[in-house]
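Read the single chain below, which is given as structure tokens and is the form predicted alone.
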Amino acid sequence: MHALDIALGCKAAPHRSWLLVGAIVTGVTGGWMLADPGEWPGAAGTCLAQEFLGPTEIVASPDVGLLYVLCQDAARIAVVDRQKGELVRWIPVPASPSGMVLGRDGSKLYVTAGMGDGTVCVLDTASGNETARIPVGHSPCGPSLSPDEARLYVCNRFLNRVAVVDLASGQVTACVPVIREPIATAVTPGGKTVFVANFLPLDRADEFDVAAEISWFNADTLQGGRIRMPNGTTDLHDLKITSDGKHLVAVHLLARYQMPTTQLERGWMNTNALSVVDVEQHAWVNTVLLDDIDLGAALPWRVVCPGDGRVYVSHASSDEVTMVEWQPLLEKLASLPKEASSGVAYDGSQTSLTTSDVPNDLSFLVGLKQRFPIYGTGPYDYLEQPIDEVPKGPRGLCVVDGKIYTSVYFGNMLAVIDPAASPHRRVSYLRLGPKAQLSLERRGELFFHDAALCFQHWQSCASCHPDGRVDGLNWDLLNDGLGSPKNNKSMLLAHRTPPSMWEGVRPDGEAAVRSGIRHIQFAIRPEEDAAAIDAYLKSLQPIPSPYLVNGEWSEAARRGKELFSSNRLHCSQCHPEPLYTDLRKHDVNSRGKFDRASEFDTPTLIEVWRTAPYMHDGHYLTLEEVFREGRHGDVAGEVEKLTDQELHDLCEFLRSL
């Protein structure tokens, strides 16, 4: 273990505790309930003992009426008989599972898991036995199968590539580079093309156009291209191809990052979107907003196209599922003139709507969509119940026989929505385990992802800080005055590295959390909510760098460490171990045209490989640019004298932290 690991106290997240409790599940008319206490069905007949299951993904068997629910925190798959409403059994999977895909006949389940030593676990669904384990590299997720099931495509999120797995040999046969943090894949029905969702933008944050992109490549040649999404696209969580193979739909945030954050009403900071892409042309068609004029649909997470004429989206922060009528949407888009116009405002008012106005029109889907809360009959029903009693965090999604199933991350349950039922009998629940007693950290994680803390539910803390990290954008926040946009900062170690914000206007992380609730979410919340968010953020741990070799620094990184600590460069003077910051502000000649100050906070360098673009204004895409173009820290002119090899070594060390 590195000295850094010891200094940071790396350990399992504290909310993943264990508790011996149990009950059995039974179906009842109008919903699901817990029956008399007993044992939860466990793997190999054992008692399932984990308090927090963390259900994230869900897939349906094509023929035997089973649902497979991936529980991230428990590292298990719950097998559910959806007809009987019974939890049948548990299947163990490797630690840190991240995604899964089911074979066409339902006999095999492919599960991505692990971080630095990522694998694909192949499961026989009949027995629950593991039949193979395939090494695929760092941070695997977002798997999809070729139609003939000869290949498995797996995102290596933090290696910025897609691994192509030959299932006959159990080997990775190729790796296709993509853009930034690939998180989901989709294969056309004929298997010709693979599309990839890049989670974050890879642009300088001080540019006019900053947006995440969709990558695509030919399955045979592995050559392809990229599809630019609208300006402000970030948090591109998922994509699917429609059943006819003609279109791809993707869900993401559409940030209004070029506007000062003086208000939230009517989408003036973050909106939540669904984009349509032409599969054959590899071209963006348009983007529609899933929000209403006065009610956000925060953090779209999963999208499915089950072939029933509709598209469904789960919203992890506003606790609902949206159903969109697909063909009427296409017809409405096709009917619009293509001339540029400025006839639509963010409030949805319009004079002459054209195709270019659609991403700003909050009323475009009126009559074409329905929003189904996973509790109660309306978006504000949570106000009537204690937070521990409300199911929160729908993520995984599938639609079977007209019913919508979504995995509720903070609720240890599935929510079942019947769109055809009356609003008062539309939602029922299937518990996968005992009701979790939220620890302080887990409660904080819930609040961090909960748009109920935000005025009109437009966003959660996680909207701008996915995984507690960055969204790749500059924001003009009110804390340092208007007209001074700053690059988004990671929340990792924020409470251990005061002051907060680039100009140090908040004395510490605690003050920043409370300021964010008040001035970014525009809400007044009890002190215990902010204290819980503090606890969650303090529990965040750095993940192993993808630049490590077998968990250790490479030879280049070791040479870079020597340079970093040398009297030649003096890097460690402002970035001392173990946190790699001296907790002070410095003038490093980075003042830009919009800045009112010259001194900026010295950030921690831990996970710096993950936080591009760099500097307070996001001016540089790579660490190499920080030194070559920005001459960062070049007090004595030594940075300019670095050879290409020395610069590579220095950056390799930083990327290994």
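Note that residue numbering follows the sequence shown and begins at 1. Only a predicted model underlies this, so the values are computations on that prediction, with no experimental measurement involved.
The form predicted in complex with a small molecule exists for this protein as well; it is not shown, and the discussion that follows is about that form.
The small molecule isn't shown here, but in the predicted complex, which of 178-186, 355-363, 583-591, 95-103 has heavy atoms within 4.5 Å of it? Flagged stretch: 583-591.
Do residue 414 and the small molecule come within 4.5 Å of each other in the predicted complex, heavy atoms counted? Answer no; every heavy atom of residue 414 is more than 4.5 Å from the small molecule in the predicted complex.
Contact test in the predicted complex: residue 392 vs the small molecule, heavy atoms, 4.5 Å: Residue 392 lies outside the contact set for the small molecule.
Spell out, yes or no, whether the shortest heavy atom distance between residue 69 and the small molecule in the predicted complex is within 4.5 Å. No - in the predicted complex, heavy atoms of residue 69 and the small molecule never come within 4.5 Å of each other.
Is there a heavy atom of residue 271 lying 4.5 Å or less from a heavy atom of the small molecule in the predicted complex? Close contact is absent here: in the predicted complex, residue 271 is far from the small molecule, nothing within 4.5 Å, heavy atoms only.
The small molecule in the predicted complex: contacted by all of 520, 600 and 615, heavy atom 4.5 Å: Looking in the predicted complex, the three residues 520, 600 and 615 all sit within 4.5 Å of the small molecule (heavy atoms).
Exactly one of 427, 210, 477, 123 has a non-hydrogen atom within 4.5 Å of the small molecule in the predicted complex; which residue is it? For this set of options, the contacting one is 477.
So which of 112, 407, 233, 459 reaches within 4.5 angstroms of the small molecule in the predicted complex, heavy atom to heavy atom? Looking at 112, 407, 233, 459 one by one, just 459 meets the 4.5 Å heavy-atom criterion.
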